[in-house]
Each structure stands twice: as structure tokens, then as C-alpha cells.
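As a starting point, one isolated chain is supplied in C-alpha cells, in the form predicted on its own.
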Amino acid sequence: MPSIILKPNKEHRLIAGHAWVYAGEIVKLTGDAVDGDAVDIRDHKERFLGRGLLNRKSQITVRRFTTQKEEFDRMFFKRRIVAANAYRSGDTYRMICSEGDQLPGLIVDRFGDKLVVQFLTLGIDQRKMVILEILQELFYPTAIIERSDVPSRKLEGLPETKGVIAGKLEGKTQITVGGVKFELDLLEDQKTGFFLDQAENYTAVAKHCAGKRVLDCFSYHGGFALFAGKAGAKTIESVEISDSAVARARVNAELNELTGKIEFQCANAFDVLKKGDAGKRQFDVIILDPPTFTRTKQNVADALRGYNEINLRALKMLPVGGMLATFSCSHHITADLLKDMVVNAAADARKTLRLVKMLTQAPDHPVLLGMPETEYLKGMLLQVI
């Protein structure tokens, strides 16, 4: 088996449970291997640390799949897929979550009898057909939709691609999450069609919305607003910059018999928050669930300024007893950075905050303790006291 040999002192992160080997950590490659092949990972004394898939086009040159000397054959992938599915329940969930399920580069979301897949790395893309065969054998989906239309594939030397690759997909798909109905376009909606990572947070925040004035910013298809409506909120305003997303949110409101109970605004949330602050508007619950403000370490400072701006404006509109649910979905914004930012925003707003609950991604998006990158969704539910 070909091997990559690490530089001295570059093994500690892998021993602690991380799955990535970067190009700058490698001394040499022994044996004949082409990109996409399995290779052993060895420290500078050539002690075995695991086995992964090679891609010298990527800065993440090897992604580790196992710490054992296993062959990456059909049975290997079937075992991993069966184990991943056994960890979940229900009929709508993330079935396979890349490194979180020791299948780096593979995402599979289940929406009833349909599967949405992403093949994000060269090694996984080369094994696409065997993975599809296993998914069909185990789950009998009526359709498998590929959503590998993500920029990260370019870093692997792969083109973006999407389409129905098995079965038939006819029209929109309807799912129910926490008793709330959503209509999805699995070919066109963001990511794989739905933000399953927020499923439990919708319910956690909705518990505080009964009889309250609610503002849901960066609402997309209305997730938090719809749950607030179901929970009996007094008034709900939903802010989203995409007109097509707002149109879908209106459809979702109708599906849940909430038509007329939610005011939808197609607007920039930054502008709405600034205007609301200037107008001394007040809400009882404000949700801030923005898209990632940074995909690189270099832009963290700029991102934190953006987070500070929206949190400061929101806090100024919350009276004593008011609740703020604030999130970051960038793995470069750590939980400590998020906390520090909110502390600073609260000081500027002259507000004292109580931490009600730390919020994170749903359990079907597993976090590996030795791999901080797998814990990308951080959030807090806070109360002004």
C-alpha cells in the first residue's frame, strides 16, 4: 500500500481524532499512487496512523477514513452507510454527514422516499457508482438527486454538477419537521434542499414565542417564523433578501394555515435592523440566522464586525425579558468568538444578558471531538434581564 510520510510533530492532530492531512505536513509519498487512490498515513517514524484517499490537487491532500488497515471496497462503504443510518431515526434527516460519519466528502440527506447526495471530494466522486448502488439496495428511493453544485469541488479539481441521477423527481417535495410542513425544490433550493441542521433549534426557540412579538431575520423559507406561528406568536415579521425564498415562505405559511399571520418582507436584514433600531421598535423575540459571513480565516475580523452589527441592532430592540436567538454557521467563528462578540454587542447596547441555552447543529450532523471543523453551527438563546 502506498504511504504518505508526515513531517516530525505533525501526527498529534491525527492521533487526537482529526481526519485531514494537509499538503504542507507531508514529507513524501512512497509507492505508486494516483489521485483518488487509497494510501496509508504514517508518522515520520513510519508508524501507521490510518488510511485515507489521496488528492494532490487539494490542500487537504489526504482525508482519513479509518484508523485500521481496511480495504475501501464495496463492503467497507456498505458497513459505514448502514452504521450511519442506524444512528438516525425518522424519515427526514441527514443520513451521512461526511467526516462526522467517517465518510469524508459524502453527504446524503433523506427526505421521505427521496435521497439528495453530494460528492464533494475526488476520492468519493470516483466511487460514486458503488455508493449509489448501495443506497438503492438499502433504501429503495424513488429518486436520488445529486447536488454537487458547490464551489468546494473546484478545490478538488472537479466541476460542479447537479441532476436526478436515479429514479424520477416530479415537482416539489413536501416534508414535515417538528409538526411544521415545508415545500422543497430538491434541485434548486440551497444546499441539499433544506437546513436540517436547525431542526431542533426551531422547536427550542418556538417554546418562547407564544403570545410574543417575533422578528425572524435571514428567514429563507420561513423556518423560525413558521414554528413561531405554530407556537401561537402574537405577531411575526419574517425578513429575507431573496424574492424567490420569500415566495416559498408564503407557500409554506399557507401549508401550515398561517396565511396572514406572518408579515413577509423581501429586504436586506441589515437595513431592517438598522431602521428598526432607529425607529425604536421593540420585539419580544428576535432570531438572527445569517448565512456564513466568512469561509476563510483571513476574513474572520470582517465577519465579526458584521455579526456585531446585527446583534447590536437586535439587542437595542429587545426590552427586559426579551429573547435573542443568534447563530453563526461558519466553522471559523468559534463558540468563544461568538460569545465574545455578543458580550461586546450587549455592552454597547447597555443590556445585561442571561444565557438560556447553547444551540448547535442537530444530532444527525455529528461533531467529532477531535475535529473542530465538524462543529460549524454555533448559537445561543439569550434573555435580556
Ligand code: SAH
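The first residue of the shown sequence is 1; numbering continues from there. In this text the structure is predicted, and so the values were computed from the model without any measurement.
Not pictured, yet referred to below: the form predicted in complex with this ligand.
Residues with any non-hydrogen atom within 4.5 angstroms of this ligand in the predicted complex fall in just one of 172 to 180, 269 to 277, 255 to 263, 122 to 130: 269 to 277. Although the partner is absent here, residue 219 sits close enough that one of its heavy atoms falls within 4.5 Å of this ligand in the predicted complex. With a 4.5 Å cutoff on heavy atoms, residue 291 counts as touching this ligand in the predicted complex.
Taking non-hydrogen atoms only, residue 144 never approaches this ligand to within 4.5 angstroms in the predicted complex. For residue 101, no non-hydrogen atom is located within 4.5 Å of this ligand in the predicted complex, even though that partner is not displayed. With the partner omitted from this view, the residue of 195, 72, 283, 93 that lies near this ligand in the predicted complex is 195 [heavy atom within 4.5 Å]. Screening 152, 190, 308, 161 for any heavy atom within 4.5 Å of this ligand in the predicted complex leaves a single hit, 190.
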